[in-house]
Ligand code: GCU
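Let's start with one chain on its own, the form predicted on its own, as structure tokens.
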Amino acid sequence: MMTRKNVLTAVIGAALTFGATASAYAATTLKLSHNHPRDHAVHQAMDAMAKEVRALTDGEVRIRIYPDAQLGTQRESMELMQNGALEMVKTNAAELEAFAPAYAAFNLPYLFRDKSHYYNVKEGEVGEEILASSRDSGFVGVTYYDAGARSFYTSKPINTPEDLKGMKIRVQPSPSAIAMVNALGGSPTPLAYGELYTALQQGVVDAAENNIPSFSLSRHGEVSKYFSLDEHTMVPDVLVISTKAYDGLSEEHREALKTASMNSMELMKKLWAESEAKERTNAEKLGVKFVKPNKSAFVEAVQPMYDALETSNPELNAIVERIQAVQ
């Protein structure tokens, strides 16, 4: 026969076991998709964020990351999120322009005066408003990640816009990116990033544009030996979450997610600088030559895009003016 002490011990043990099991089942798991390899700086930043979210919520919120486009391209992942099959996606402002027009501002060439201006915009009032602007599309932005400056690369040096004339240039599916390449005299060709290596190799496209780490880590230096540092845009990566998943979190858990994501954004600045230096060296070892073109010629060539904004898109023009006014 069990003594009273043994009965109490058994009851308490059962209660603790049930509580632990219930707690495990109560944990919220957010699936996060992105298209970069595990050694990319942005994956490392998001991994740090996921660990901090778990710590801040005592394991009640967990983020499971799927890298390498395991769950589809950025566009496919966005559609999965909108359909409820995914909770979070790391995408970028170029892709988001199709879902929330305010992101188009980030895709305009030579919008930012320098890196400090870029950071101050993202981390200030305008940046937060843009993150919130996509709620009606079924998701909201959580934070931005540094993705450096984008430049053209191909099999020949690009020193002036004239060098791009007649070239088929891979761009992201962004109206602003398409308009920019048209303004520079090239032929914009939207194409999924995962198809780009083969497209460059087979001559489906003649050139592409991206930042140095993405260029190097995707081995594009094997098929494009000239990287021209025209630095036409600074398009941030953006971490987004479905409104259903976001609204399903408690206020405390939303704060934890925001805190961890902002900390990961700061970490990303350091990781990005390190990655950019490392990957430039790696590209140079492959025989890639980095060219410094005449930037002023590029700036002048795209000015009509700004001149047209006031009448063609007053709302975007207002955002651009606010961005330009940020100190």
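Position 1 is the first residue in the sequence shown; the rest follow in order. Since the structure is predicted, the reported quantities are computational estimates derived from the model, not experimental observations.
In what follows, reference is made to the form predicted in complex with ligand GCU, a form of this protein that is not presented.
Participant: Counting only non-hydrogen atoms and a 4.5 angstroms cut-off, does residue 214 reach ligand GCU in the predicted complex?
Facilitator: Yes.
Participant: How about residue 36 - does it come within 4.5 Å of ligand GCU in the predicted complex, if we only consider non-hydrogen atoms?
Facilitator: Judged by the heavy-atom cut-off of 4.5 Å, residue 36 is in contact with ligand GCU in the predicted complex.
Participant: Taking ligand GCU as it sits in the predicted complex, is residue 172 near enough to touch it, meaning that at least one heavy atom pair lies within 4.5 angstroms?
Facilitator: Residue-level check for residue 172: yes, a contact with ligand GCU.
Participant: Verify the contact flag for residue 87: yes if a non-hydrogen atom of it lies within 4.5 Å of a non-hydrogen atom of ligand GCU in the predicted complex, no if not.
Facilitator: Judged by the heavy-atom cut-off of 4.5 Å, residue 87 is well away from ligand GCU in the predicted complex.
Participant: Is ligand GCU in the predicted complex close enough to 151, 160 and 230 that every residue in that trio has a heavy atom within 4.5 angstroms of it?
Facilitator: No: none of 151, 160 and 230 comes within 4.5 Å of ligand GCU in the predicted complex.
Participant: Which among 127 to 135, 164 to 172, 97 to 105, 250 to 258 is in contact with ligand GCU in the predicted complex, heavy atoms within 4.5 angstroms?
Facilitator: The contacting stretch here is 164 to 172.
Participant: Just give me the single entry in 176, 242, 210, 224 that has a non-hydrogen atom within 4.5 angstroms of ligand GCU in the predicted complex.
Facilitator: It is 210.
Participant: Note which of 119, 193, 110, 246 lies within 4.5 Å of ligand GCU in the predicted complex, where distance is taken over heavy atoms; exactly one does.
Facilitator: Contact check passes for 193.
Participant: Considering only 60 to 96, what residues come within 4.5 Å of ligand GCU in the predicted complex, judged by heavy atoms?
Facilitator: Heavy-atom contacts to ligand GCU in the predicted complex: 74, 90, 91, 92.
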